[in-house]
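Presented below, as structure tokens, is a lone chain in the form predicted on its own.
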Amino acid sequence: MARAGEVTPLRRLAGWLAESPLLRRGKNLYEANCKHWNMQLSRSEKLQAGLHLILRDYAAGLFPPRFEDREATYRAEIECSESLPGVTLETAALADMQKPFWVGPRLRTYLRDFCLIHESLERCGILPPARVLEMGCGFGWTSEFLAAIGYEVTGTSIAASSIEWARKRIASLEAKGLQRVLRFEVAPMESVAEDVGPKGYYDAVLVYEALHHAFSWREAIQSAAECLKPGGWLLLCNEPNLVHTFSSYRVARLSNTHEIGLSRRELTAHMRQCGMTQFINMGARLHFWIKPHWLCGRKAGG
């Protein structure tokens, strides 16, 4: 395996291809995308831009990505909305507060995902008013929906600005006359058991499209397990498979965030190490390293 900074024939070839006429359009598209985060690209254009970038960075020893500085990774996640090219902080925040009610196919996608999250909770026997912790809740729409159903919900995010916006959702429920328990707290996923707790309190811990952003997904799963009471369930929902490291590399570079794919085998093995003995797969069994993970694990005891 080539070391970082080591110039190999394969890296030289990658660098030549990245700058060749074959990928000139991809290079131009990526350079334009660096100035405008919301630039509309077709699938073909995303592929061209992404391929140029991967080859360019592989030649420079930057791909596959490595994350070795915890504080730098945390800071990049916190400042993500502030650094998107061509997008103001207020515009990004308002868009996140509107989620999942976005125009186009993403609305249907998010609502289908939420229905599967709810189905997963029911399949695990987690019914209202059970206590649910959502790690990596972002601006909190999933937590709000679960609270509206009747769960006692705590949502956490590493970004204080996201939590400040998410807390507006509490007033939204109160305005509807719904007496619900909904809290939002600031905490990295890796230390949520210590920062939020209490340990052994929750019937379920939910992570939706967030685990792959953690500095250490293994530490995050361990922290989630500590938050669960015996017999409680950890739900990993729509977490990307291994191909995601390649398919989302362009987005990761533009946003300076942690975008990696996860191995189902490694996820399951680590969940076992953290004391989970029963598993339910809510996703595709034949995933071909592409299909996302929908995996539930039950903590021993109870």
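Numbering starts at 1 and runs along the sequence shown. Since we're looking at a predicted model, the values are computed, not measured.
Form predicted in complex with a small molecule: not shown, discussed below.
Put simply, of Ile158, Val196, Ile221, Ile126 only one has a heavy atom within 4.5 Å of the small molecule in the model of the complex, and it is Ile158.
Only one of Leu182, Ala225, Leu121, Cys137 comes within 4.5 Å of the small molecule in the model of the complex through a heavy atom, and that residue is Cys137.
None of 137-145, 85-93, 227-235, 171-179 except one has non-hydrogen atoms within 4.5 angstroms of the small molecule in the model of the complex; the exception is 137-145. In the model of the complex, Met189 approaches the small molecule with a heavy atom inside 4.5 Å. Using a 4.5 angstroms threshold between heavy atoms, Tyr74 counts as touching the small molecule in the model of the complex.
Heavy atoms of Arg167 never reach within 4.5 Å of the small molecule in the model of the complex, leaving it off the interface.
Among residues of the shown chain, Glu152 is not one whose heavy atoms approach the small molecule to within 4.5 Å in the model of the complex.
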